[in-house]
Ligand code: UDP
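As structure tokens, one chain now follows by itself in the form predicted on its own.
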């Protein structure tokens, strides 16, 4: 009998498995998909590491986490500097002096601040929805060109119907700096994210294409371990007893192109409402590739339905209340622990997922 059955071979499950093994615990990892790695999994196409489930740029302010992932792979010096395409107009992200100069012809931070301050006056009182919140933070121009269309595509709802707390803040910089993240540590693992997962799971048995939420499968595997760490969808674990939690999903269309450079940057956001996709990812730029061909991926947001991948929890009032019911059931479980984005119904960056798994291991192992 194993000490732990770990359901899910993504970053959360793999990190916990690594820590359990380090402490002398025996583990069996189950993975619903046909591969390990969860959403950071990469596949090789034309000798390019293609991020199968969308762009993943590792960044963190936590030096311990940065040193932790370096146990498994060296990281390059990639800096995330995406570009927005608004009806053919190219604008820098995050919002910075390059953006403001292009929009308004301003040259100094003082001039940019004055424009934003004037436009923010449009909203008086407490913002009642995402549209009002965005305008109150950055003004009408930036909202219309860089937020509205992208956000409505991403969430499948009008900005006036989305709660204001979704964007409690927006990154605004009054410097000519296109680095999207403020974190001091940033990069892409050389050789792709699979190297990190392989390192975490080294020497640990993993069974693929096993859906633990199926009744017969759960009955079979639950007997094989003393305790369970579950990283899948919490509502699925409990048989959707109170109904489905809502998620947004993504659909990807990838193309191999006979050109060495398609868009000149790894990520371009399409921020107008008419373009059906939100982003185009050119994967080779994550690792400064010089291959003769390139692979690009078009990212289309969509509603989650059973059988599709769940990406972003819809943390509105209704779903938060529903999750609380499932959380109460989870807390009543004995020898079953819930960890990760799907099990805790919250979005997590990669560094947060690793840190949380490490802390969970310290807590219960």
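Remember, predicted model here, so these are calculated numbers, not experimental data. Positions refer to the first chain, counted from 1.
A second form of this protein, the form predicted in complex with the named molecule, is not displayed here; the remarks below concern that form.
Asker: Ok, 266, 188, 112, 146: which has a heavy atom sitting within 4.5 Å of the named molecule in the predicted bound form?
Answerer: Contact check passes for 146.
Asker: Between 66, 312, 36, 298, only one gets a heavy atom within 4.5 angstroms of the named molecule in the predicted bound form; which residue is that?
Answerer: Residue within 4.5 Å of the partner: 312.
Asker: Using the partner position in the predicted bound form, report whether residue 169 sits within 4.5 Å of the named molecule, counting heavy atoms only.
Answerer: Close contact exists here: in the predicted bound form, residue 169 approaches the named molecule to within 4.5 Å, heavy atoms only.
Asker: Any of the heavy atoms of residue 136 lying within 4.5 Å of the named molecule in the predicted bound form?
Answerer: So residue 136 does not count as contacting the named molecule.
Asker: Considering only heavy atoms, tell me if residue 194 and the named molecule come within 4.5 Å of each other in the predicted bound form.
Answerer: No, no contact at 4.5 Å.
Asker: If you check in the predicted bound form, is residue 271 within 4.5 Å of the named molecule, heavy atoms only?
Answerer: Because a heavy atom of residue 271 falls inside 4.5 Å of the named molecule in the predicted bound form, the answer is yes.
Asker: For the chain seen here without its partner, which of 69 to 77, 224 to 232, 240 to 248, 161 to 169 has a heavy atom within 4.5 Å of the named molecule in the predicted bound form?
Answerer: Result of the contact check: 161 to 169.
Asker: Counting only non-hydrogen atoms and a 4.5 Å cut-off, give the residues of 81 to 108 close to the named molecule in the predicted bound form.
Answerer: Heavy-atom contacts to the named molecule in the predicted bound form: only 93.
Asker: Looking in the predicted bound form, decide if the C-alpha atoms of residue 180 and residue 169 are closer or farther than in the form shown; they differ by 3 Å or more.
Answerer: Closer in the predicted bound form, by 3 Å or more.
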